[in-house]
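The chain below stands alone, shown as structure tokens; this is the form predicted on its own.
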Amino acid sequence: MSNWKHLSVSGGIIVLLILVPLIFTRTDILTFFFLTLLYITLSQSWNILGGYTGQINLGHAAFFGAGALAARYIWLHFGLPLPLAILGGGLAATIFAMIIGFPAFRLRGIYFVIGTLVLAEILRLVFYTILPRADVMPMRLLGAYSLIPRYYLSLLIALLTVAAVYWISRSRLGLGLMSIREDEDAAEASGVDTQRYKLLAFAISTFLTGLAGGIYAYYSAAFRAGGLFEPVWTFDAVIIVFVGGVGTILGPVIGSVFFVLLKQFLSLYLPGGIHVAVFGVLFIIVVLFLPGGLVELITRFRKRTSGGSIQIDS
């Protein structure tokens, strides 16, 4: 597909997304679109570090929670405007990431994975202890609560996140990150400053994750601080990226739509948390039999139907 066709399709989708609140007035439909856009931001941000750089971060929830808490306090308790609060959430997540980034990236492989997972779990336990009570929006805000501004904010941040990943995939930075993913030692031997590149990827990834946390802080009428650091915020993003297509631009977008649709459907018809087990089985199946995710499946289908060699952009 040529560039102008890509632009036309992308522009059409964006226009339709802008019109969603004008077409659909039901709260459940707006919530579906909001959650899908939130998960696009969350999964794309993970994809930068895990997909393009090959650094599997299982502490994604730590930066989501840091961004959400910072944004909430800046907005409600310090009285600053919402855009500054959400930006502050992104910056808080990035600053925290840089503090732990230097020691964390001295770890490699499974040690880095375990280290990031432990970090998020420590924060979860700490915040459940020091902030046990739920943080509730003031009544004046609850009385004027509307999903529409929250939807448009999530749309804006999701578009910026996809644009950032698109730029990274076609930049010198992206080439450096992918060389680290393929073989870190070889990349270092060829002159790539692997520590600097990994820290840059970490900074961008956590900034976008912090923005996602800020959006959630604006969306949620009440939450407990410890709940912002729950593993679900990490593993949902990981599942979405792998099911959609790891290390691709479209993968997290397609994966988010599929994930939210299936999650809502299964939550309606399966008792308790059985839907979580279903996603675990789905993740294993995709990793074993379809490592390229839904993007690979769509590519195969288009090749068969067109008889040509069509390639979906990665």
Partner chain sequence: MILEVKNLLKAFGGLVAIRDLNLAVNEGEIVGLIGPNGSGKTTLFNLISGVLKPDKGEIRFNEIDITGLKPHKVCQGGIARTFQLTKPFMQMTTLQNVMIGRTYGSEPVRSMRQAEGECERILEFVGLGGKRLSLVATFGLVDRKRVEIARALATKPRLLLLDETMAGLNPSEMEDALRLVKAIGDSGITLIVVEHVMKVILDISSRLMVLNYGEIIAEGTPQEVVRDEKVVEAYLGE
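Treat the numbers as computed from the prediction; the structure is a model and nothing was measured. Numbering follows the first chain given and starts at 1.
Beyond what is shown, the protein has a form predicted together with the partner chain; the following relates to that form.
Though the partner is left out of this view, S190 does reach within 4.5 Å of the partner chain in the predicted bound form, counting heavy atoms only.
Looking at R170, you'd find a heavy atom of it within 4.5 angstroms of the partner chain in the predicted bound form.
In the predicted bound form, the partner chain lies farther than 4.5 Å from every heavy atom of V136.
For the chain shown alone, G90 is not a contact residue for the partner chain in the predicted bound form, no non-hydrogen atom being within 4.5 angstroms. Though the partner chain is absent from this view, in the predicted bound form it lies within 4.5 Å of a heavy atom of just one residue from W233, Y197, Y216, F207, which is Y197. With the partner omitted here, the residue from I95, V113, L76, L175 that has a non-hydrogen atom within 4.5 angstroms of the partner chain in the predicted bound form is L175. Here the chain stands by itself, but in the predicted bound form one stretch of 176 to 184, 208 to 216, 76 to 84, 148 to 156, 176 to 184, has heavy atoms within 4.5 Å of the partner chain.
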